[in-house]
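Quick heads-up: it's one chain on its own, the form predicted alone, in structure tokens.
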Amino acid sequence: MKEPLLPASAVTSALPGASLQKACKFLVVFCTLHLSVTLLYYLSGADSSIFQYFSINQQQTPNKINSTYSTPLTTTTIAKELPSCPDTSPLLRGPVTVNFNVQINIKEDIKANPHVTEGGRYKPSDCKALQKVAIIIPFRNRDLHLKYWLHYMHPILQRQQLDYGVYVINQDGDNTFNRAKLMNIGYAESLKEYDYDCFVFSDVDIIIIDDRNLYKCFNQPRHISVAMDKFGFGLPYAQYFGGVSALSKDQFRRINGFPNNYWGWGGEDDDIYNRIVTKGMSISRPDTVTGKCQMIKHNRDEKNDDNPKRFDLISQTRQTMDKDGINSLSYKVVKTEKLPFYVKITVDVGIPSG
């Protein structure tokens, strides 16, 4: 007797793999849909950086993955340090021709010295200068003399391969002139701008005529203007320290700077000499050939008459130098001007006491 036939639905459900086939079909459809949506999303550019991440990671070891992704690649350039300038500049020429009868055109001078920056600052471009020099000029009503100084001295100072700045300290008003106090002020003001280690103090009417006569500091205080035409290209006396001189920061501090109480002409240079000797230092000088200088001829300035107290003051240097100097300096800056060839600092120095 034959067994009765089962309905088709019953046969299908009875097959062992029927349920598994349905599940597989559903999974394939779901995966296809998911991949399609994902592909469209990435192709739209919404998150293209993730491809870069995976691309990079394929070429990196696991311990480098995080740092590579979070830190962009950079190129570091290390500046090459300049060599020190030589003790003797190869640019020096020796004797210089100076003529105080020529017309000076400052605009042309500025064009001829393009590497001198605002405020009269210069440093060599191909080597590191051995010293940082502040050149300080005590000043009042000497504009023509200053033009000659700037015209001749800037090229010389550049050939000497100095890192230098020029400071013209202008006494305000018409009270009695005080040269030494102006030089103290120049020392103090220049250090506010730059870390100078050498200070050259120069009268505005003196020009060296040999560029081997260096505007720099030495182991001992330096007298630069040792052979002026005014004195027959020699020293007027052995202790003379006037005109142009140079002291390092340490030397200047040891003598407590210059005296502040010399009003009028004369005496302060001898006081400075006494201070140097009292502190156990000596004067260094170039030879009288290298040390030749020319002075611009001029009449004595008004309000710069002979100082009647100078001889008494000089005789008391040892007693007064520790309390009269950079440690007792008092003044007021009226105006500061940064000009193409120099800084002009106009100051109120006060009036004589007593």
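What you see is a predicted model; the values in this text were computed from it and never measured. One rule holds for the numbers: they count along the sequence shown, beginning at 1.
Omitted from view is the form predicted together with a small molecule, to which the following refers.
Next item on the list: Decide yes or no: are Y237, D270 and R310 jointly within 4.5 Å of the small molecule in the model of the complex, with each residue judged by its heavy atoms?
Entry: So, yes: the whole triplet contacts the small molecule.
Notebook entry, point to check: Looking at 158-166, 260-268, 83-91, 100-108, which one sits within 4.5 Å of the small molecule in the model of the complex if you count heavy atoms only?
Noted result: In short, 260-268.
Item checked: Residue contact check: F218 to the small molecule in the model of the complex, 4.5 Å heavy atom -> F218 lies outside the contact set for the small molecule.
Next item on the list: Could you confirm whether Y194 comes within 4.5 Å of the small molecule in the model of the complex, counting heavy atoms only?
Entry: Looking in the model of the complex, residue contacts with the small molecule do not include Y194, since no heavy atom lies within 4.5 Å.
Notebook entry, point to check: Would L329 show up as a contact with the small molecule in the model of the complex if we use heavy atoms at 4.5 Å?
Noted result: Judged by the heavy-atom cut-off of 4.5 Å, L329 is well away from the small molecule in the model of the complex.
Note to self: Please tell me whether any heavy atom belonging to F231 falls inside 4.5 Å of a heavy atom of the small molecule, as the geometry stands in the model of the complex.
What the structure shows: The answer is yes: F231 has a heavy atom within 4.5 Å of the small molecule.
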